[in-house]
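Quick heads-up: it's one chain on its own, the form predicted alone, in structure tokens.
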Amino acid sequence: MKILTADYILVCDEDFSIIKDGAICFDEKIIEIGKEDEVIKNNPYAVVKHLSKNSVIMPGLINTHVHLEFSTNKTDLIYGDFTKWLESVIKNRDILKNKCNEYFYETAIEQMLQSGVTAFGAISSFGGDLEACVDSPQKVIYFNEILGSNPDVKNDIIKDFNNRIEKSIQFSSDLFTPAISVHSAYSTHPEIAKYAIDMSKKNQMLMSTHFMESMAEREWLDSGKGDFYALLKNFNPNPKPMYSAMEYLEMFEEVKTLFVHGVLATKKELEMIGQIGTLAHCFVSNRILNNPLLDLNLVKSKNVIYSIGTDGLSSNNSLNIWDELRAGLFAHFEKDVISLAKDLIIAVTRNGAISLGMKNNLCLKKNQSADIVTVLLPDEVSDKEQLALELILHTKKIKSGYINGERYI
């Protein structure tokens, strides 16, 4: 049984509670949280560690959407236009995949660890990252992805998908949870998507899918025109949209789904997303692929819970979640910076846990999992209302981290 004390504890509950001169007592789960004197008095046999001045205790951070399989990319892919980027991914896919060995997976995971990410949602297209995710100290929701627009090869696609699912299920544990991802409406035939969705329902697996990431996708699903027509013609001499946007969303109505991006979703589509599941926002990826900024005011008005993902190094230069938070802070200039900073911290803690179905990681309170990180600020905070903002502005690495009460940094 351990006790940590700090100048501040960021609880990350619905009220954004902050405890000044606080302490947290825990083993695998949180036993007590409150003022330092009271927690120490109530738990006399715990080992007490007083953190340095200007320390902050907060929940472990959650990256809800990350692709590890192209972690070798630096300058191989084309940025500035989503369709050109996608073409470059298709062109370089095998090269990047084959170069990405355990070293690159482990390096990517380590960067997340050092930034305080204690859980992440990994999108796996090929299964090459499976071993690294299983061996990671973090809690991993492992989304086996399926895609394919040609029904003539449906059986081969499903066979490969089933093999990857079965292999990942063998490693199921408290730290590793297999899940399912349907890539997108423009890339996945309805028969293939339905197969994956039915499997998700049958096995009660969490689902994820990319949705309305680009103007090209919006135009394609709405009218069958735009940049995607020329791209998809490389695979089909007469390509046509396989769904409308609403038809695609309706397929997921009976399964909890994490929708990713949604930057061009309509008000009606956001309402449906809020009813079905949650949304993941990827600030840097959207920016460097020249996609729009998510309307956070609209998202809030439609009662959509949003979390944050770094996406992969195929469309980002960092998997450090603090870099992503700073990008979001600086991008959304339409919002008050103090309230936005609080929302962003909630997005990578409480909302991340909701999005990945982690009911024991909602905040720092009794009986929740002891997934805890500590951060050291460069100086004393003048006003605790500024704490979330100061954390985002100044943090690059955490000071220490615990997963299920065990220290990993």
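All residue numbers are counted from 1 along the displayed sequence. On a predicted model such as this, the values are computed, not experimentally measured, just so you know.
Here the subject shifts to the form predicted together with a small molecule, a form of this protein not shown in this document.
- Stretch 88 to 96 is the answer when you ask which of 325 to 333, 88 to 96, 132 to 140, 294 to 302 has residues with heavy atoms within 4.5 Å of the small molecule in the model of the complex.
- At a distance of at most 4.5 angstroms from the small molecule in the model of the complex, all three residues 82, 210 and 311 contribute at least one non-hydrogen atom.
- Interface residue among 290, 266, 111, 125, judged by heavy atoms within 4.5 Å of the small molecule in the model of the complex: 125.
- Of the residues 256, 218, 183, 189, just one reaches the small molecule in the model of the complex with a heavy atom at 4.5 Å or closer; this is 183.
- The small molecule in the model of the complex comes within 4.5 Å of no heavy atom belonging to residue 26.
- In the model of the complex, the small molecule lies within 4.5 Å of some heavy atom of residue 261.
- By the criterion of a heavy atom within 4.5 Å, residue 67 is counted among the residues contacting the small molecule in the model of the complex.
- Interface residue remark: residue 199 is not counted as part of the site for the small molecule in the model of the complex, having no heavy atom within 4.5 Å.
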